[in-house]
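Before any questions on how it binds or moves, here is one chain, the form predicted alone, in structure tokens.
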């Protein structure tokens, strides 16, 4: 089988994605050179201005708007410190940004003889117990679908764009859901709220690299990954962790869209999970709160489309697709990430509360219109003033 095409062995979870998203056989693996963040480094149409520079506190530019002062930028940049430090440890010599353009290389060698496994089911159970200890809120396991593995690796230093394939035998992926802070997320968008994104990535780094080392210690191969190597959302859906929302994000059953996704590729034999639906698509067909609230109008108001708005998204798959160019331009204007779409999403709730868990059940059934009305009446999705968070 050639990995340069989308040809692959179909399993039930692949068939699920095919039917839900009407994926054409002509679909090609995504080249991360066209990812909007990578495009900003070589494409004159995408001007990052001071966006990346602002993550060095020496270059932050305070604004009059609340949530963008020295305290806020200091907290946001500190939340990214570990992820940047580990991710860029080899940047000077190799140009790799681990976790974003290349997988992590933090593991030390394991034993020569692997552990004897009792059964795939028992192995999966123990892997999920370890993931929970390492900080994952949810864990799913699925077979790798080559369509979602990147076709190339992009080097941000040299701008080399080399063809890429997973190492032989890495046919299984553990997908990890890391919940972000709900209360801090209610201050989106601000430099302050960017801290919950930064902490989410740090949690993802910890969880994925610990998991990869755990599997290595068992005598098997593992590769820890964040946004690099493969598309996270289709793998998370395959692994039964959630559904796809109008805002182009994974909506998880336990945390809604307010999550980060990490993954570990491995040759460890495990029982796999299957996709699960709980009514998100039908709800998003009626709800347009994210699209209505998006300042640059980057989120689709209409039905899912096969053709994406630009080269930063995959064609030949029918889905709602965010216009990455409009979205990133708004980020650049603020010098921080936005995530208004997460804040206003009716699935974005504090699920430690019983009424939030009841709400997700209403959203998945015939009372979804009532749930949407109730969400609006109770004022969910409104922005909390950033200074109020500091006073909590």
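Numbering follows the first chain given and starts at 1. Predicted, not measured: the structure shown is a model, and the values here were computed from it.
Here the subject shifts to the form predicted together with a further copy of the same chain, a form of this protein not shown in this document.
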Listed range touching a further copy of the same chain, judged in the predicted bound form by heavy atoms within 4.5 Å, from 272-280, 291-299, 177-185, 154-162: 177-185
Taking a further copy of the same chain in the predicted bound form as the reference, which of 227, 172, 77, 316 has a non-hydrogen atom within 4.5 Å? 77
Answer key: of 149, 311, 96, 130, within 4.5 Å of a further copy of the same chain in the predicted bound form (heavy atoms) is 130
When a further copy of the same chain is placed as it is in the predicted bound form, are 143, 259 and 267 each within 4.5 Å of it, taking any non-hydrogen atom of the residue? no
Find out whether any non-hydrogen atom of residue 210 is located within 4.5 angstroms of a further copy of the same chain in the predicted bound form, and reply yes or no. yes
Against a further copy of the same chain in the predicted bound form, would residue 167 count as a contact residue? Criterion: heavy atoms within 4.5 Å. no
Is residue 122 close to a further copy of the same chain in the predicted bound form, meaning a heavy atom pair under 4.5 Å apart or at it? yes
Is there a heavy atom of residue 304 lying 4.5 Å or less from a heavy atom of a further copy of the same chain in the predicted bound form? no
Heavy atoms within 4.5 Å of a further copy of the same chain in the predicted bound form is the criterion; list the residues of 214-231 that meet it. 214, 217, 218
